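In the form predicted alone, a lone chain appears below as structure tokens.
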Amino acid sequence: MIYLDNAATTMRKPEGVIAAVVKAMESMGNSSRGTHEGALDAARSVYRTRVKLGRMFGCAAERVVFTCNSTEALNIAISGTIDSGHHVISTDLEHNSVLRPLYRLQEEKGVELSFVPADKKGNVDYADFERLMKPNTKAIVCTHASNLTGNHIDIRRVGEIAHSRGALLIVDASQTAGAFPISIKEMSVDVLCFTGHKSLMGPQGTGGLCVGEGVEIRPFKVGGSGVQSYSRTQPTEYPTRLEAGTLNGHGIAGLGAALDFIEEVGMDVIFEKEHRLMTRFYEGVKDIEGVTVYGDFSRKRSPVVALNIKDYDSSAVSDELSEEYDIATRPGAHCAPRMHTALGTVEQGAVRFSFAYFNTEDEVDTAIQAVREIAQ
């Protein structure tokens, strides 16, 4: 299989990730639940990975909180900081992991929502963030990169706007964590939400959030913590405050190995290769008659190319790619309804090709030829 669905999850992992998960399953107990060697082994592994993530994102290790994925992280961040009477700004680029928690707060607590519109290329006008600010604006919640077009939002610029008005910046880094340098302090990010199974190249079931200094988040769930067992409330200290229940120690061990791989290879090297593959594909398909490519390829972006062929249903094209060419892509709405509305692709959807470090130029060339043949 030629796997070009890496924006959904990277399927090909570094060998060390698989080895670390297997070793963890053979030896680990439950982190922070005892002092026997199995429990201590798990606790050490979790802590080491916490430190690595803190180093990658410029966050204190104790303020790195583990979750199952970025969806859980975003729910924790959004529901734990926003309340009745608050106003929130988001954008048309967002995934449902941002939209649905916000819509729920709107319905249940009367939270005011405003959305920065996207143009036909999927870009935003930063003046709109300023224009939409209100005295009760509590937060700007936005993605770092669209999972559909690959377009980036200048997080540093948005963070400066938010902080100038006393608002928080909560960032969905699902498509960028591990592939692009992120420093929460330097980029004025208050809460960074990430998943481990995409560009971080770790196992599914891993993710988390980095909580900036001075940011207080109410627990989304409460329960066992391994400490303060006689207290009727969840401990207030980070990360325990937001980590009720048993962590995915096996997955976190694999994530730690993935972080080692990224550090060894170099994030800049990984970015260069993924961007080169994406550009090769884009240049190969953009001028094919009947092919429409979405997004802005003139500026910094993620390694994603979304397209349609004539008026063919995107699911039919993706099925053809899979069945006749053994190429894996993602069709449909991509959990990004507002972005499809902005692009005018609500009915047709789009076929998304997304590239990762373990893809090759030969795979890209095969995919270009497949698009050409389907278009003909």
Partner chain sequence: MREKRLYLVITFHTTSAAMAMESLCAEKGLPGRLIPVPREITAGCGMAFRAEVEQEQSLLEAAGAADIQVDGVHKLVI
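Residue numbers count along the first chain shown, from 1. What you see is a predicted model, and the numbers here were worked out from it, not measured in a lab.
Below, we turn to the form predicted in complex with the partner chain, even though it does not appear here.
Q: Would V51 sit within 4.5 Å of the partner chain in the model of the complex, counting heavy atoms only?
A: No, V51 stays farther than 4.5 Å from the partner chain in the model of the complex.
Q: May I ask you to state whether I374 is within 4.5 Å of the partner chain in the model of the complex, using heavy atom distances?
A: Looking in the model of the complex, residue contacts with the partner chain include I374, since a heavy atom lies within 4.5 Å.
Q: Spell out, yes or no, whether the shortest heavy atom distance between Y47 and the partner chain in the model of the complex is within 4.5 Å.
A: No, Y47 is distant from the partner.
Q: Using 4.5 Å between non-hydrogen atoms, is R330 touching the partner chain in the model of the complex?
A: R330: contacts the partner chain in the model of the complex.
Q: Please identify the residue among M56, V317, A43, A342 with any heavy atom within 4.5 Å of the partner chain in the model of the complex.
A: Among M56, V317, A43, A342, a heavy atom within 4.5 Å of the partner chain in the model of the complex occurs only for V317.
Q: Let me know which residues along 340-370 have a heavy atom within 4.5 Å of the partner chain in the model of the complex, or say none if there are none.
A: Heavy-atom contacts within 4.5 Å come from V346, E347, Q348.
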